[in-house]
Structure formats: C-alpha cells, structure tokens
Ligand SMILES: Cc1cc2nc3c(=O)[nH]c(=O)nc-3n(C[C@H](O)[C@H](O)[C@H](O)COP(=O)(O)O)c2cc1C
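Let's start with one chain on its own, the form predicted on its own, as structure tokens.
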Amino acid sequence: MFASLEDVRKDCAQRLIRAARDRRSAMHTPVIVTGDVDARVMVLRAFDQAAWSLRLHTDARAPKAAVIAGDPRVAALFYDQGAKIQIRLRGTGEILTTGPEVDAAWTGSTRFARRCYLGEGPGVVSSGPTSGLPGEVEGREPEEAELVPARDHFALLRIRIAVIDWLYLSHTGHLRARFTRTDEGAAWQGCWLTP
C-alpha cells in the first residue's frame, strides 16, 4: 500500500485535498498550534498542492493573530481514525486581512458563517454564557448589508508547510515517514523513520 516515499507524499496531498473539500472528512478539522503552544481546532478551507499551503479562516482580533505576527511558527495535526493515519505539519503562518484572496474567501462564505465576525472579539470576558453576537442577529442569518462591519474582522491564516510527518498505524507494524524542504517550491526530501 505504501511501498515508497512518493506513495506516502501523494497520500498526504490527497488527504489534504479531500479534507479541504469534504466537511465529512476526518481531517477537515485539524488541531492548529501556534508559537505560544496554544492549540485549537479549526476548519481547513483550502489546500494549495502546488505551494503546499493551508488556508483557514479566523478573526483578525483573535489572540492567535498577534501571536503569529510575533512568532510565525505554526503546527497542524490531522488524524483519520478510520484509516489510522496521522499527519503532523510544521510551517510558517501569516494572517492576511486584505487582498483578492481574502475578498474571495469572504464572499465565498455563507452569510451565516460571516455572521460570526459581527460579534465581540474572541476571548472577551462575559458575565454569562454568550455567543458574543449582537442581539439583532442572534439565531438568524443576517442580510448582506448587516454584514458590512464584520468584514473588518475577517482574516485568513495561511500556513506554508515546511515539514510533513506521516504515521500509519497498523497491527502488522506501524510506518512513519518525514518530508522536509528548505524553501517554498523546493523539492521535498523524504526519509523513513522508526515509529
């Protein structure tokens, strides 16, 4: 099944492509870790196979945005329990708030999803349970005009992958491989590792 390093690298790419396109994919919601060693589950929105980069959506006011600006090291953990495959990625993150890619991601999102950016910034202390959303949009999909102020809070997290660590769990013996590259566009250098 995984006879060569190239088979493994292609498997990683195919799983990331599917994870971004299929919300039922086990790898659709990876754990993202920032340089402050904080972790959170996020939704993978896109995987660019040519650049080997991930795209996720975030709030520009979220603490992780400031962390990434100061320390761009980011890691991602994907796990498919059914396939028994874990993919760990390390790379460089950047927060994008303007530009055609951000605009396209914003307009490509549903109004219901964009509604999240109308609320108070993430992590604001509250006296009780709250979604943080303004009362007038709580529980309903807002109209396009109501979402205009939310656009200022919308951002993309792009992660440029530099290290791929792949693990296949099997009762006949686990397999592990690692791929690294020094620069974006450089060829991947792969090796087998003991699990």
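Note that residue numbering begins at 1 and tracks the sequence as displayed. Because the structure is a prediction, the values reported are computed rather than measured.
Keep in mind that the form predicted together with the ligand is not shown, yet the notes after this line are about it.
Proximity to the ligand in the predicted bound form, taken as heavy atoms within 4.5 Å, picks out 52 to 60 from the listed stretches 52 to 60, 131 to 139, 144 to 152, 165 to 173. Contact check at 4.5 Å (heavy atoms) against the ligand in the predicted bound form: none of P72, T92 and A186 pass. Among heavy atoms of K64, some come within 4.5 Å of the ligand in the predicted bound form. Interface membership of V37, defined by any non-hydrogen atom within 4.5 Å of the ligand in the predicted bound form, is ruled out.
The closest heavy atom approach of R45 to the ligand in the predicted bound form falls within 4.5 Å.
Residues of 11 to 30 that come within 4.5 Å of the ligand in the predicted bound form, judged by any heavy atom, reduce to T29 alone.
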